[in-house]
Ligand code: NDP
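Here's a solo chain for you in structure tokens, the form predicted on its own.
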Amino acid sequence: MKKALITGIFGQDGSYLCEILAKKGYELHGIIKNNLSENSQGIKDYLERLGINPKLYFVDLNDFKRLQELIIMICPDEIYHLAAFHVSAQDVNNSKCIKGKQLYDYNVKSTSNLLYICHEYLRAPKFVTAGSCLMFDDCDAIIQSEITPFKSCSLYGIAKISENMLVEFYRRKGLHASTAILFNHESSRRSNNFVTKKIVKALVAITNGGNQALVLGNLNAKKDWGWAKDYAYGMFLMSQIDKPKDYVLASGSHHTVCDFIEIVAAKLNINNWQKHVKLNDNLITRASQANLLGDWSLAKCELNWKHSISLGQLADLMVENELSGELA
């Protein structure tokens, strides 16, 4: 029986990966925070209803000694590093949100710790970490692939670039390490501060008689959206190949925020969604005007990775889950 360790196991990506690996017979281990968010607790409860109960550990990823002891004890065959701090548009005015320097320091140090431990203390582990399309958020390329030079104007993107440099360093030293460069991927397991989940929740509430405003930033912002479960499966495939490599996981298609609202509104038979929308410029945080659009042809060719549902089907699934209270 293979053993897998997942950081951020009750986040969106970690939970889908947990499901995928459970079906394949893995022994599952997860690192979590001391206090789960309401969203993560809901995901944990959902997985328990499916009979999926990974072994859990409360460990600070920046606590090298404790992390070293834990990983040596587990001795995992595969490590998926999905935990990270980030700041969404909804967090801009929140005085409690993590600051830029803290974000950079924590994310880079946690990745550095995990890579060092894997290289020095494990026999032949496979390591996959989650990158981000924000690694390209200040580049000029119309479409971004694995050979597009990274250039970012956000500390989150710069942190992910730094982490990728560490991945490359340890890969050259013989570690099976890779970065999944993830473009936007969504599901019902997103927390409520992400725009797709926010749209779905608000429009479902309106159909149930609510009169709440849907407060958004730029309706014309273009996104490269896919289904998170497909992206989690892509990370699993990356750990199965003989030669580690970084891969872009993306849809290769652009849709605006307005497009997504219209898809969801049509599903719910809402003809006048515009009257419920209020624009707030404070929610537009990205200084870059780069169009983030991923070329996933390498993953298709070498991993046989593909999308299982369209954006319209994803919107349908999110609406159905919101109506039923499920997290499929």
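Residues carry their position along the shown sequence, with the first being 1. This structure is a prediction, so every number in the text was calculated from the model and none was measured.
One more form of this protein exists, namely the form predicted in complex with the ligand; it is left out here, but the text below deals with it.
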If contact means a heavy atom within 4.5 Å, which one of 70 to 78, 166 to 174, 209 to 217, 124 to 132 is the stretch that engages the ligand in the model of the complex? 124 to 132
Give me the residue from 162, 184, 145, 152 that has a heavy atom within 4.5 Å of the ligand in the model of the complex. 184
Checked 158, 199, 84, 115 for heavy atoms within 4.5 Å of the ligand in the model of the complex; positive is 84
Each of 264, 268 and 311 within 4.5 Å of the ligand in the model of the complex, by any heavy atom, yes or no? no
Flag residue 35 as yes or no: does it have a non-hydrogen atom within 4.5 angstroms of any non-hydrogen atom of the ligand in the model of the complex? yes
Does the ligand get within 4.5 angstroms of any non-hydrogen atom of residue 292 in the model of the complex? no
Given that the ligand is not shown alongside this chain, does residue 28 nevertheless sit within 4.5 Å of it in the model of the complex, heavy atom to heavy atom? no
Is residue 106 part of the interface with the ligand in the model of the complex - any heavy atom within 4.5 Å? yes
Which residues within 61 to 79 place at least one heavy atom within 4.5 Å of the ligand in the model of the complex? 61
